[in-house]
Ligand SMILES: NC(=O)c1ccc[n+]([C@@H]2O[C@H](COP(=O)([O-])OP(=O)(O)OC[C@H]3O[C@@H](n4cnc5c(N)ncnc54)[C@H](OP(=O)(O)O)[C@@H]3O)[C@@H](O)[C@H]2O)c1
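The chain that follows stands alone, in the form predicted on its own, written as structure tokens.
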């Protein structure tokens, strides 16, 4: 049965963006936006923050015309069509819904939410307000990973047999660090492991079974190793905060091996069977912007390249993994 395509009113003319938050990833997005082709007829029109000082400083740094001292004032700005929600993870659900209820489309930084339940709340709000929503899983739109997955799906390494994908980094052992704070939505799985899980899902679809081992400190998962299986495929998906890992992805097929080097989620090259690197345009946060523009100009509420069902299903798997590890966020209690 074909999937129902949710429709919204097509957007004509210029597309005016707002950014909700002024942290590192918000700055990265603003910087990357300068690479958007002028023919897209799009701009960053406003930024919102929790204070006038941070909003004003961010606007000055990135040459943004309007700075709002709250997310609600950004949501009410009539000269903003879509908002990139880049606040801390626990705020994604409320911040995105605020934007949607004020008639804005939303692109929400990954992880989309802390749970599948929260994701459903955003999608329900998008549907109720006839707006577009998408998780900003930028890996799914950067040229290197996109072409690597296309080559795998085209059969260039034969039927996939095993995937080994790692996102393990060294993070300061500071309980106030964003990744080590439960109150800030920290943890290895949702911030780092979401990439290995997404890449494996992108290649093979939802796993038929999985097991997990990990370490938890101060309520936060600091390491997580998922052993997943599909029909004829196995995978080791690892992430962690306590040591530097390979950060690479190796996809083994019956006829060959494809390797995405570190950091695999942002690789602009890959090798097949150790041969010469296939090189592509650098990974960047702006590539996903083109897909957002295409969708809202076509009048569709979700991207077929990163649909709501996939975001929700991956978060459902992450919910189950966290339950196995005993990780519970304050918003869930």
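Residue numbers count along the first chain shown, from 1. Given the structure is predicted, the values throughout are model-derived calculations rather than measurements.
Keep in mind that the form predicted in complex with the named molecule is missing from the display, and what follows is about it.
- At a distance of at most 4.5 angstroms from the named molecule in the predicted complex, none of the three residues 66, 123 and 308 contributes a non-hydrogen atom.
- Shown alone here, residue 313 lies farther than 4.5 Å from the named molecule in the predicted complex, counting heavy atoms only.
- For residue 89, a non-hydrogen atom is located within 4.5 Å of the named molecule in the predicted complex, even though that partner is not displayed.
- Looking at residue 166, you'd find every heavy atom of it more than 4.5 angstroms from the named molecule in the predicted complex.
- A residue is said to contact a partner when one of its heavy atoms sits within 4.5 Å of a partner heavy atom; residue 132 fails this definition for the named molecule in the predicted complex, lying far away.
- The stretch in contact with the named molecule in the predicted complex, judged by heavy atoms within 4.5 Å, is 104-112, chosen from 214-222, 232-240, 157-165, 104-112.
- Of the residues given (297, 62, 50, 278), 50 alone sits with a heavy atom within 4.5 Å of the named molecule in the predicted complex.
- With the partner omitted from this view, the residue of 43, 268, 31, 54 that lies near the named molecule in the predicted complex is 54 [heavy atom within 4.5 Å].
- For the stretch 280-300, the set of residues having any non-hydrogen atom within 4.5 angstroms of the named molecule in the predicted complex comprises only 285.
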